[in-house]
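Single chain ahead, written as structure tokens, the form predicted alone.
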Amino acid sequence: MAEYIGYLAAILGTIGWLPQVYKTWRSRETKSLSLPTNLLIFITVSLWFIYGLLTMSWPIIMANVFAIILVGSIVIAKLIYK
């Protein structure tokens, strides 16, 4: 049961970033996004990914691979569309 809860949390937590990524890249508007906050979140999900690898926790690994991609794309958009 714990694994199913982990996968559900991973899916929902990752899906939560999709609207922001879509809106950011579609509108090219990043003025209201905080670069320091998004960098901190990027570092955090990267550390969770490493932790997942070290503990071989697939829900944590999968969620954070996608989170790294999504949050990373927001950081890239913020840098490109100043």
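Computed from a predicted structure; not experimentally measured. All residue numbers are counted from 1 along the displayed sequence. The term rigid core refers to the maximal set of C-alpha atoms that superpose within 1.5 Å between the two forms.
In what follows, reference is made to the form predicted in complex with a further copy of the same chain, a form of this protein that is not presented.
a further copy of the same chain in the model of the complex is not approached by I80, whose heavy atoms all lie more than 4.5 angstroms from it. For the chain shown alone, A10 is a contact residue for a further copy of the same chain in the model of the complex, at least one non-hydrogen atom being within 4.5 angstroms. In the model of the complex, a further copy of the same chain sits within 4.5 Å of a heavy atom belonging to K31. Of the heavy atoms in S73, none are within 4.5 Å of a further copy of the same chain in the model of the complex. Of all the residues from 38 to 60, those having a non-hydrogen atom no more than 4.5 Å from a further copy of the same chain in the model of the complex are N38, L40, I41, I43, T44, L47, W48, I50, Y51, L54, T55. In a rigid-core overlay of the protein, L8 has its C-alpha displaced by at least 2 Å between this form and the one not shown.
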